[in-house]
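Let's start with one chain on its own, the form predicted on its own, as structure tokens.
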């Protein structure tokens, strides 16, 4: 009963529903008036034919005739009566069998079903909700971020304006609530003032509306927006956004960072207090062909946390061999990284230009990032209207082997595929690998599910737009202790587990049991980089760890950490 009452309230409160009910009422009144008129005319014609019937009989005849049931127990004998019967049948067919069902469904049944759906979907979060993340849209970036939040135990809610989408997301086990994004009451119902973060990934203009509306409810909760057009950055700041993420630039930098073209010096990908995590290409350096133990990089003050080998991250071990396509993940202070660079800055990896396929926002951002590193490049673009620098751009279809040859696919050290279509990128990856089996292929993909397929097709590095965006936002989450530095690789802070308190790093067995590497240790309020193996792990101190996702999950499971 309570549910029915709620549906009736929703149905009568909505202006459109009240208008529909009035239209349905007018139709029913007109139909009843028609029936009464036909009943009256029935008596007149029957009197004309010399027959007498009750008013109930007249009403009965009118209804069975209009509904075309026509039992035949009451009939006219005159031509006038027969003509009247035809009129009643035709009008009854139109009104009772066509207009009445259509009108009832449109003006009553459909609004009633909608009111039922609205009564069943959540329109608010519990008053006790705290530190949750709010989303305004479900897209590849937010889907990846939701998976990450679930993994680390963060609560979230998706605000959706379309009722059918609310029901669909609910069926897909997303936590969703119904509300208008331009209505302050929606953010009050979503407990925006108690949230940890509001993430809006709509269009640049729609995000502006979200920021202004939400800021009318609370001035302190962080709001994160994404922008495609750099001009929108200032607008979002004025509207109240706390952080604006320019995903094309972040994606372009991530793609450029993977390139083995240019130099062999370190490129920082993440910093934690005084500790820096950097990537360095080993190609054409004296490191190639030797083990890490033989290279003795520890003498320079840096340590190697892992090695990227054609898209696969491997934990560094003394016996790990540095190959011609290896990218080292090194850890050290700013001074230690500079010391490394002084020894390897003289080694140029390749003088041939890197090939960039596509000159959209991400392709342009990739070109800018390579240019900042002093790396030569050429661009393949099929749309002549997008060409910014004709001197280094080849207009043509990259799927044409002749165009790839013209760009120098046979001698280039790297090709970076930046189009926004995963199917196209998969095809181009296969074509580039066929054209040059030794070239380094770096591919962009939109959806996480296509990362494995691109690796299988021959890509050395795959940067997922969804994961890069999700990680960029997750890294901003207040109190977050996990930072994603690149696709599938995280750095996280944890307290020393009880199981290893009093043991040295060499004795604790964390690396052997979980695959995680300790790259930093808080000692006397300072974060020490590359702690010595004989460092004793003490209760209440923090460790800085690096690992892939599988190893990180293994750590949390092994030590019951959180």
Ligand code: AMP
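Positions refer to the first chain, counted from 1. Here the structure is a predicted model, which is why all the values come from computation and not from measurement.
In what follows, reference is made to the form predicted in complex with the named molecule, a form of this protein that is not presented.
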Item to complete: Spot the stretch among 155-163, 394-402, 326-334, 214-222 with residues whose non-hydrogen atoms come within 4.5 Å of the named molecule in the predicted complex.
Response: 394-402
Discussion item. To verify the annotation, which of these, 450, 373, 175, 382, has a non-hydrogen atom within 4.5 Å of the named molecule in the predicted complex?
Written reply: 382
Worksheet item: Only one of 412, 419, 295, 266 has a non-hydrogen atom within 4.5 angstroms of the named molecule in the predicted complex; which is it?
Response: 419
Worksheet item: Would residue 408 count as touching the named molecule in the predicted complex under a 4.5 Å heavy atom rule?
Response: no
Discussion item. Please tell me whether any heavy atom belonging to residue 458 falls inside 4.5 Å of a heavy atom of the named molecule, as the geometry stands in the predicted complex.
Written reply: no
Discussion item. Contact with the named molecule in the predicted complex for residue 246, defined as at least one heavy atom pair within 4.5 Å: yes or no?
Written reply: no
Worksheet item: Does residue 361 make contact with the named molecule in the predicted complex, using a 4.5 Å heavy atom cut-off?
Response: yes
